[in-house]
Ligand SMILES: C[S@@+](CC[C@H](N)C(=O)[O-])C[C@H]1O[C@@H](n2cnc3c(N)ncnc32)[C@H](O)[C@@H]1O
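Here's a solo chain for you in structure tokens, the form predicted alone.
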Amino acid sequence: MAFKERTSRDKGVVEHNRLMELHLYPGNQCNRECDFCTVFGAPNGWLIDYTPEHLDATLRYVMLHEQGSVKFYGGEPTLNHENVMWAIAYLREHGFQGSIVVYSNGIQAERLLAILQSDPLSQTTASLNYSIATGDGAPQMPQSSLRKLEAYEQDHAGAIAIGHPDIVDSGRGVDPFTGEETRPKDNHQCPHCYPVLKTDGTVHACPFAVENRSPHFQLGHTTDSSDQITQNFQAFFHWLDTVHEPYAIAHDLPACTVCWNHLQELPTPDFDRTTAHA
């Protein structure tokens, strides 16, 4: 396969009250309904378009220079590809100079390539779902789609990567999972991802648990200032290191299993809940 695994960047980086990375999530509508999906993706899932309000908040929260990164994900971005292309253009027109990543199952390859090619700075890349790209644990994408994406990657090295093979016990969870038993899925330590700005106006701490409404994940709203969002993000990381991980180790549980089944046993992070508007 032509695709290389995407390299992770530094975690938890905040500069002048701006995040180095931010995930954008419009809902969990998808053209697949995989057993292991962390966001409960399905054809009847919810979807709310990106809007100027949502993207203006993005521009307040993320680093605007080349080190910044915005990641489009959800159920399946290519189902609403024209809105995604509009959102990319909006971010560029309003000064975002960083990288853009689109997380996709790759099934609608032509739409995915149209998204990549729409970026005027040519800094938008794709990350394919590991299981759907390889057929390990899910029906593989159509060979016609795979060939188009592989050909594009061969002509544009680094434009399309493949996601990590880890199985995450979140959303629908790891059972039943029919992929290779050797794929990693047990880790006491949370991966410490960057947060999510949802098109319903909320800011969520975890892209894997984004459909989990527990107060442990609620960092704020699009009306909140960047100072408050980054402060709550850092409070969440402190909670992960001082409360969440010790619990996972003491009970010999994977990190995501703690969030999925045991949050009621843990205090919430020390979030700032004052009314702080942008």
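Position 1 is the first residue in the sequence shown; the rest follow in order. The shown structure was predicted, so the numbers you read here are calculated from the model rather than taken from an experiment.
Just so you know, the form predicted in complex with the ligand exists too; it's not on screen, but the next bit is about it.
Asks: What is the one choice in 208, 90, 194, 152 with a heavy atom within 4.5 Å of the ligand in the predicted bound form?
Replies: By the 4.5 Å heavy-atom cutoff, the listed residue in contact is 208.
Asks: What is the one choice in 253, 39, 63, 55 with a heavy atom within 4.5 Å of the ligand in the predicted bound form?
Replies: Only one listed residue qualifies here, and that residue is 39.
Asks: With heavy atoms only and a cut-off of 4.5 Å, decide whether residue 166 touches the ligand in the predicted bound form.
Replies: Result yes; residue 166 sits at the interface with the ligand in the predicted bound form.
Asks: Would you classify residue 96 as touching the ligand in the predicted bound form, given a 4.5 Å non-hydrogen atom cut-off?
Replies: Residue 96 lies outside the contact set for the ligand.
Asks: Report yes if any heavy atom of residue 105 sits within 4.5 Å of a heavy atom of the ligand in the predicted bound form; otherwise report no.
Replies: Yes.
Asks: Though only this chain appears here, would residue 129 touch the ligand in the predicted bound form if you measure heavy atom gaps against 4.5 Å?
Replies: Judged by the heavy-atom cut-off of 4.5 Å, residue 129 is in contact with the ligand in the predicted bound form.
Asks: Of these, 75-83, 140-148, 109-117, 195-203, which stretch puts a heavy atom within 4.5 angstroms of the ligand in the predicted bound form?
Replies: Flagged stretch: 75-83.
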